[in-house]
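Heads up, the chain below is alone and in the form predicted on its own; it's given as structure tokens.
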């Protein structure tokens, strides 16, 4: 059994649902029926979150207008896919979900309060709607289908907005997926959402549908996890920044994880982790161009060769914007132990992860991509020394293979960037990653120059 995860653009319209059905049917002909994990239709999750924000600002009319837009988007798809009788039955069911959602929004509006728990309740509806549409359409076409509510499968803690899976419970519940596949049924469920042991709806964070696919694939014993999106796999750079970016045919789990974390939007960073632990290959494919080779992510990828016949040492260039840099300087660091522990404790206390870090005798430079708790972090760090905060920066990352075993990589990188001001350098922590911080306005130029140096043969 394989897992097929379809993103929002893959189920964005009537035509896209038809394409997805064809891909599932083709997969059924090759092997056992797949587990299908579906995102919300494109634009729906944003509309749902906006409805909650409008409701808490006491704009109930605006909130309900967002829900009406979501309703009409699904009506257009359903009426184009099903007969009138079946469409009416499905729309009645979908309207039940939307009626519950309207009640939640009225409660938010009345109280003037929007908690993370409420946001999860609102933003989870899109996946429930899209998965029901796909399941009913596939059934109408004659496919044997079982629709499962992911909230009964993906059990999590109550860290609303970014819930953590309860693996033991998920593995117990996911056993039914493999059994249904053996009996010839295609299981269709939702990405992004789960629930606590008490049945309270949670979400895995934005982009969490990839993570859901990986969690369920591992728990159900899948042999491969396919991530179907709107691009031809992972690329040597963001094609919006580098027009001649090249597709990556194969990448290691570590390379894909680094690229995902440092800006390659094709894949959610957490997706790789469960697959790595079970050595399950992940394929990134294009729904609109299924004939495209895509990217195969596995533990031991094949070498990639340039036109000169030599194996490429660099896999790709990525960038991550909207980064905040913090520079802490303190004479107390000199010859002292425990200073870094105090710095890390500040970020742990404020639940904020660090991206990059570099140290000298009396200073620490680090970056974060979340400013949610920045003011509290500022106050805590001021007790440790002088603090400078720099906004509007970007991390540029060169990802490759066995950098520690190759000489000259750093020299090539900095030679290619001789006209770009580099603020912080982080290298050596990983043998496949060399990262540095630049001002945001320089990041695209840095990526373009690095790509030209390493990939324009």
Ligand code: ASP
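No experiment lies behind these values; they were computed from the predicted model shown. Residue numbers count along the first chain shown, from 1.
This protein has a second form, the form predicted in complex with aspartic acid, left out of what is shown; the following refers to that one.
> Using a 4.5 Å heavy atom cut-off, which stretch among 194-202, 208-216, 146-154, 363-371 contacts aspartic acid in the predicted complex?
Stretch with heavy atoms near the partner: 208-216.
> Could you tell me if residue 45 has a non-hydrogen atom within 4.5 Å of aspartic acid in the predicted complex?
Residue-level check for residue 45: yes, a contact with aspartic acid.
> Answer yes if any heavy atom of residue 51 is within 4.5 Å of a heavy atom of aspartic acid in the predicted complex; otherwise answer no.
Answer no; every heavy atom of residue 51 is more than 4.5 Å from aspartic acid in the predicted complex.
> Would residue 40 count as a contact of aspartic acid in the predicted complex, using a 4.5 angstroms cut-off between non-hydrogen atoms?
Answer yes; at least one heavy atom of residue 40 falls within 4.5 Å of aspartic acid in the predicted complex.
> Which of the residues spanning 98-128 lie within 4.5 Å of aspartic acid in the predicted complex, based on heavy atoms?
Counting only heavy atoms within 4.5 Å of aspartic acid in the predicted complex, the single contacting residue of 98-128 is 127.
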